[in-house]
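Presented below, as structure tokens, is a lone chain in the form predicted alone.
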């Protein structure tokens, strides 16, 4: 009997220590792990800005369950091991209630198992590789996934651009790039198109003339480059220098002001799939754009909007859970239906992915212009 009492008392004390760690005074501790340095730091910066705007709004309106949110941010340096270390610290040392992040699918895949083992809900704003949420039932996202994004760009290439042939130019170091290329190819073939070749590069490469020279000789109707903005801008420049005039297509990894800065006029008349239209015209989007411009003096990209949506969906789930309990919050996240986000109405499906529409944007006169919306 003494052993049983001792065990129950110990369990009670540990539970209270663990629970209280997630609440510090009048604050709920929420973690964010993002690439604030490294190749894709603009993605992390934009996302954190969106999260901060959301949390400021929540705190100004009284917080959650009577407490304000305290955001703790860790830099992943855009590396898988950096992501894993960041999340380990947020969970074991900072005792956060929920984790927001990461951007790159490779980094999310490195950190998600830690969140799953710790039973800490993780919400990725923009990791689109389907494998991310397959890690476990505590892993969620507010973006569409690459199976849908690949279908969007295949439909756009075949249906709008009337392309019959395509070449893939893939970042072989990126789970995101490899996965998105597979889904584009699968859907393009279904629509009667032909993928006549695939060329590869590695993240950080600067010279793509070898691959592009081979591509030029094949004369494809379109070139699909499912990578990130740094390489996409350089590829566009080198492609045009070689006399390649075909449309360049990409995914949401292109979405950064750096794309046009790096690509210049060479990236004009290219297209990529994205999560929202900054000129969408809804009152919610307009309010957010005005608030973002007022604070940061630039137009918000989709990464910032997804960061905002991730924080707001987290807040909505905590309210519906009614308690600062990880399991109840997880259950509330899984039950999210038609949440009115900046990036569209979001429903979390059985695989904990967001079911939502996508937009296709065009680079025109040095700006991103809306082309069309494609629904799931």
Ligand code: PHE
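Worth saying up front: this structure is predicted, and the values here are computed from it rather than measured. Residue numbers count along the first chain shown, from 1.
What follows is about the form predicted together with this ligand, which we do not show.
A.B. asks: So in the predicted complex, are 111, 140 and 353 all sitting within 4.5 Å of this ligand, heavy atoms only?
C.D. replies: No, none of 111, 140 and 353 comes within 4.5 Å of this ligand in the predicted complex.
A.B. asks: Wondering, does residue 253 line up within 4.5 Å of this ligand in the predicted complex on heavy atoms?
C.D. replies: Answer yes; at least one heavy atom of residue 253 falls within 4.5 Å of this ligand in the predicted complex.
A.B. asks: Does residue 104 reach this ligand in the predicted complex if we count a contact as any heavy atom within 4.5 Å?
C.D. replies: Residue-level check for residue 104: yes, a contact with this ligand.
A.B. asks: Even though the partner isn't displayed, in the predicted complex is residue 276 close enough to this ligand, meaning a heavy atom within 4.5 Å?
C.D. replies: Because no heavy atom of residue 276 falls inside 4.5 Å of this ligand in the predicted complex, the answer is no.
A.B. asks: Is residue 230 close to this ligand in the predicted complex, meaning a heavy atom pair under 4.5 Å apart or at it?
C.D. replies: No, residue 230 is distant from the partner.
A.B. asks: Which of 187, 211, 270, 129 has a heavy atom within 4.5 Å of this ligand in the predicted complex?
C.D. replies: Contact with this ligand in the predicted complex is made by 129 alone.
A.B. asks: Can you pick out, from 303, 248, 169, 87, the residue that has a heavy atom within 4.5 Å of this ligand in the predicted complex?
C.D. replies: Exactly one listed residue reaches within 4.5 Å, namely 303.
A.B. asks: Which of these stretches, 253-261, 69-77, 282-290, 111-119, has heavy atoms within 4.5 Å of this ligand in the predicted complex?
C.D. replies: Partner-contacting stretch among the options: 253-261.
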